[in-house]
Ligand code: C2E
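Here's a solo chain for you in structure tokens, the form predicted alone.
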């Protein structure tokens, strides 16, 4: 925004401000990019906070002093040598701890300081455990399929179900997706996880067909890394052929945020998927920044409206949200796209969705996510 020369000068000026704050036997270094490391010779958290606040306030004032209309925010992650026996061998550990603390801030609205603590340590330890155990977990089928039904709002019948994954360890403890999915997305393991879930969905379809049950289409979430692979469509076809299930029985749910990164490439993959018989759904629509123009340029089978739309009903934003949802659903229908509302929890919400001709509802009003065996007993054996 400011140009390289001005930005570099700001970094140099910030360095001067940090150097001024140093005491005897303390040091500063530029760690990387716009990150700096400071070594203070104190373990007193109040003293550390006070000194850092003085530094951050001084650095935040730099643009104004240079007559630059730009707000500068700083974020600090702090690790303390608790036993007082500081050594150079601890530097790597403390840097890592400070970085872990730093990840808990960065709100973008104010200068912030976070100290590495027990809670962060526990979270870091859990992430290491998950990463160390993920390969074994997929081999031993510790990842279990849960299903949440989608209800046809016009007929009251169950239209299909979305697969949701739960990690159940051998000791019975359950790990929920929000604890491991972000990790898998960052380390690339989500590719294996997504294909594993596709295979589990095909196994279910094969079982239901063999038992003569009514077949429901099953939705499976797909991550960006998998969706962008060159042999993605061929890999999916190999899995469905392995279990001899029709491609039409799978709905591939792609997060809204994935779609706006490379629209031409995305559309090309969608066309290949639909040509092969798969259905494609845009998940969590409304949670990001996809424009109507982007949405209408996609060759989709299904649009899932994010739960935040329904959460506004009963608030001051109710009228606007209802109008927006009605317009979105009308637009989707004009393109022949099926609509699903997520997060349906009350009869009032259901009645509203019926009034605007939404096709499907999904949420706790009908069922929470349940194990595949329970879903089969509740919705298939009794039908």
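Numbering follows the first chain given and starts at 1. Keep in mind it's a predicted model, so treat the numbers as computed, not measured.
Heads up, the form predicted in complex with the named molecule isn't pictured, but that's what we're talking about next.
Engineer: Going by heavy atom distances of 4.5 angstroms or less, which of 242, 192, 274, 307 would be at the interface with the named molecule in the predicted bound form?
Structural biologist: Of 242, 192, 274, 307, the residue with a heavy atom within 4.5 Å of the named molecule in the predicted bound form is 307.
Engineer: Would residue 178 sit within 4.5 Å of the named molecule in the predicted bound form, counting heavy atoms only?
Structural biologist: It does: once the named molecule is placed as it appears in the predicted bound form, residue 178 has a heavy atom within 4.5 Å of it.
Engineer: Do residue 340 and the named molecule come within 4.5 Å of each other in the predicted bound form, heavy atoms counted?
Structural biologist: Residue 340: no, not in contact with the named molecule in the predicted bound form.
Engineer: Contact with the named molecule in the predicted bound form for residue 101, defined as at least one heavy atom pair within 4.5 Å: yes or no?
Structural biologist: Output for residue 101 is no: heavy atoms all beyond 4.5 Å of the named molecule.
Engineer: Test of understanding: in the predicted bound form, would residue 162 fall inside 4.5 Å of the named molecule by heavy atoms?
Structural biologist: Flag for residue 162 set to yes.
Engineer: Given that the partner is absent here, state which listed stretch (278-286, 228-236, 121-129, 152-160) has heavy atoms within 4.5 Å of the named molecule in the predicted bound form.
Structural biologist: Of the options given, it is 278-286.
Engineer: Does any residue in 195-227 get within 4.5 Å of the named molecule in the predicted bound form, counting heavy atoms only, and if so which ones?
Structural biologist: Going through 195-227 in order - heavy atoms within 4.5 Å of the named molecule in the predicted bound form - the hits are 197, 221, 222, 223.
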